[in-house]
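Single chain ahead, by itself, as structure tokens, in the form predicted on its own.
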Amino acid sequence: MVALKKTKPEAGLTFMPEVAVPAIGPRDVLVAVTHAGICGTDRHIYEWDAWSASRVPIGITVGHEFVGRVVAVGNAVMRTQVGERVSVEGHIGCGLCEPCRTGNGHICEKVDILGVDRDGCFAQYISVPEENIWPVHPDIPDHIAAVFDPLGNAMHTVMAAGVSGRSVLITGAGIIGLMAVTIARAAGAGTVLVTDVDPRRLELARQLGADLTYAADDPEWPAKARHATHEQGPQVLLEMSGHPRAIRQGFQALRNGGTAALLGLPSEPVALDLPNDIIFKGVTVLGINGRRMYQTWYQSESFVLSGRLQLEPIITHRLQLQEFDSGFKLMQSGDAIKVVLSVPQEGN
């Protein structure tokens, strides 16, 4: 089969035309990948930043967002059928630690992540445990089903914060931040405010339902956000950027008694004014990691099938797997938001 692998400790990926099809164990499912999304994590690996160099093994097949069809199952697989169209939860928990045993497998102590710790989906075939299989509803198109992973991140963040009837500030209008805009609007949020450095992203945020947008490099935007929310500040902060300044400004803008859900990953430690921005304000801070397995998947499916989400404007480019370099460069330039790759089928 063909696959995209990290073959050298440097920027880039390698298109490999002849890689062995992965074996499956008794409880595993072999999926023929048809569509795969490029994630921010994939970009980190492509660029080979400090995090990637410290975490990702050379020789791994990259990618973890995808949809495909089941072509083989192990002899102990109980429900999944050959021919079924499926997506997959990319976090493979141990099933034995306390988080896994208490319904919190998304924060498993020994989690393996597809495309990071074990071979991923930028390939014609991938092997995954049946427990991680998600059957795709027939009314959900492939390019949408392929991005249920990042959609789930946005869904988890929005739902954990409880946005219904509350004013919401979203810092960072990247892929997941933009998904959070349309989810928050569909979930009944009040005023939705968005910050970002890219005016193109802010324009798209407005198209998706944001009421007000602010340039993130405007030092006055926290005061403006407070003014726009009855001089008290937004009730919910959804932090998607991971930028230290955006995190600090988000807490400054948040009103007393507000809720902050943090998903963005800073590249370095962040200094916060804990007394004034969190403790004295009585703020609730939520750390968000991945998707709740599998509550978030059910929520994402329900929202998509309701027709209330606007996802098409976020998926800006659809390319062939062989065009992966173009996809990453489009993301680096800011011209692309979400890129979905079509994976060649056997014999093509």
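Quick caveat, the model's predicted, so the values are computed rather than measured. For every residue, the number given is its place in the sequence shown, counted from 1.
The form predicted together with another copy of the chain is left out here; the points below concern that form.
The candidate spot formed by Asp196, Arg201 and Pro219 is out of contact with another copy of the chain in the model of the complex: none of the three has a heavy atom within 4.5 Å. Taking the partner from elsewhere, Thr316 is found to have every heavy atom lying beyond 4.5 Å of another copy of the chain in the model of the complex. Among residues of the shown chain, Ile279 is one whose heavy atoms approach another copy of the chain to within 4.5 Å in the model of the complex.
Heavy atoms of Gln235 reach within 4.5 Å of another copy of the chain in the model of the complex, making it an interface residue. Remark: Asp139 does not count among the residues lining another copy of the chain in the model of the complex, judged by a heavy atom distance of 4.5 Å or less. Of the residues given (Val71, Leu265, Ala223, Leu212), Leu265 alone sits with a heavy atom within 4.5 Å of another copy of the chain in the model of the complex. Checking Leu321, Leu30, Ile288, Val56 against another copy of the chain in the model of the complex, a heavy atom within 4.5 Å turns up for just one residue: Ile288. In short, of 140-148, 171-179, 75-83, 120-128 it is 75-83 that has heavy atoms within 4.5 Å of another copy of the chain in the model of the complex. Along 286-317, these residues reach a heavy atom to within 4.5 Å of another copy of the chain in the model of the complex: Leu286, Gly287, Ile288, Asn289, Met293, Tyr294, Gln295, Tyr298, Glu301, Ser302, Phe303, Leu305, Arg308.
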